[in-house]
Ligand code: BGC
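One chain follows as structure tokens, the form predicted on its own.
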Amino acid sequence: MTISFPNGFTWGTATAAHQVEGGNWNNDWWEFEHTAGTGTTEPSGDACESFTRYPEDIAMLAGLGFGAYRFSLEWSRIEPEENEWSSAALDHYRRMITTCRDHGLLPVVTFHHFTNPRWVAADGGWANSAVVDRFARFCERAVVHLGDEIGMACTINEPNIVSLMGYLIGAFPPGQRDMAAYEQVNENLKAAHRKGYDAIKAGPGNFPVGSCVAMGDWWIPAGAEDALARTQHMHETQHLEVAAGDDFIGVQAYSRTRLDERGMPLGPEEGVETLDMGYEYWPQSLEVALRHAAAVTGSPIYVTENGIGTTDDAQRVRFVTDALEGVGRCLDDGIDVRGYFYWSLMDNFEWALGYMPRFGLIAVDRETQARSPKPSAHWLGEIARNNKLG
């Protein structure tokens, strides 16, 4: 299948501060990694040392042919204690943005990607409604320092994963399994998106702002469609609804979710290829997610994350090819998809699973931190350079 993407289509890769920077000891994830019984396989430690090596990483990304870099701000560096602000940290992120600009890359800044300062976590984290104004204040302060050079902004990365994994499944901080807390956290996350969005839009600069929602393909036995609608709304659609009318919606899709007739999760289907993280190889989930996001929000769409954790680079190329063909079908049907960001730029810290999953286009030697682009990096970079698949 040959696909020519629209003029101006954005091609990029993404990272998150805690997964690549290293040394983020002042946030709740660092504490979680070092707490016995959380199930985290290993601590993040130095990660990819990208806090200091970001010029090398950005130059490598640009040299491969991409046009954008999505990265996140580490709230715990910028506001290490409540109402104590680090100009040095803000200057650091401004240098990152400037470096992107110097290399011809669009800087796409995510204001929250899973991590909270320890002082926020100690006061209830996302379960305490005070976090809504705290996050909005952080957005307001950061955008004053950075906004004139930002190219795009995402308020909260995957709010539905923050609530699901942290307050219902217990695999992310604070490790709770409490339906009432989960529901309250979702309300706070939605309110924080709205206030954060307004704070960023009110600051300097003129750039699109949106949210990034974890999505996928959903399967349920015939006749259980009502259970599917309820479950999908709880985990996904409510966060799309609150973002409707924003400058864009970010879609992040990796696989599908299989449900039984009650709406409870099932494991992979027998005979379907599975990946290192335990879920199905299901690249068609991206097309399904794009169509649902378009129907709910009516907003322009960016694929802000899509990728595969694998040690088989040929499988990575196959997965992304299939996913991009789904993007092409959406474009043919008039869905306003404006960009694709592969997750991730480099092999990094994959939260509770540590460094086992290999999502990167660039391999990172865990001993030396040496970066080595994989064949898939050159392949996808060439697609980005030509704005064409096939």
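Only a predicted model underlies this, so the values are computations on that prediction, with no experimental measurement involved. Each residue number is its position in the shown sequence, starting from 1.
The discussion below concerns the form predicted in complex with the named molecule, not included here.
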Identify, from the list 157, 237, 116, 299, the residue with a heavy atom within 4.5 Å of the named molecule in the predicted complex. 157
Please pick, from 191, 277, 106, 259, the one residue with any non-hydrogen atom lying within 4.5 angstroms of the named molecule in the predicted complex. 277
With a 4.5 Å heavy atom cut-off to the named molecule in the predicted complex, the contacting stretch among 250-258, 80-88, 183-191, 221-229 is 250-258
Should residue 13 be counted as a contact of the named molecule in the predicted complex, where contact means heavy atoms within 4.5 Å? no
Indicate whether residue 29 is a 4.5 Å heavy atom neighbour of the named molecule in the predicted complex. no
Would residue 350 sit within 4.5 Å of the named molecule in the predicted complex, counting heavy atoms only? yes
For residue 341, is any heavy atom within 4.5 Å of the named molecule in the predicted complex, or not? no
Interface residues of 3-36 toward the named molecule, as seen in the predicted complex [heavy atoms, 4.5 Å]: 19
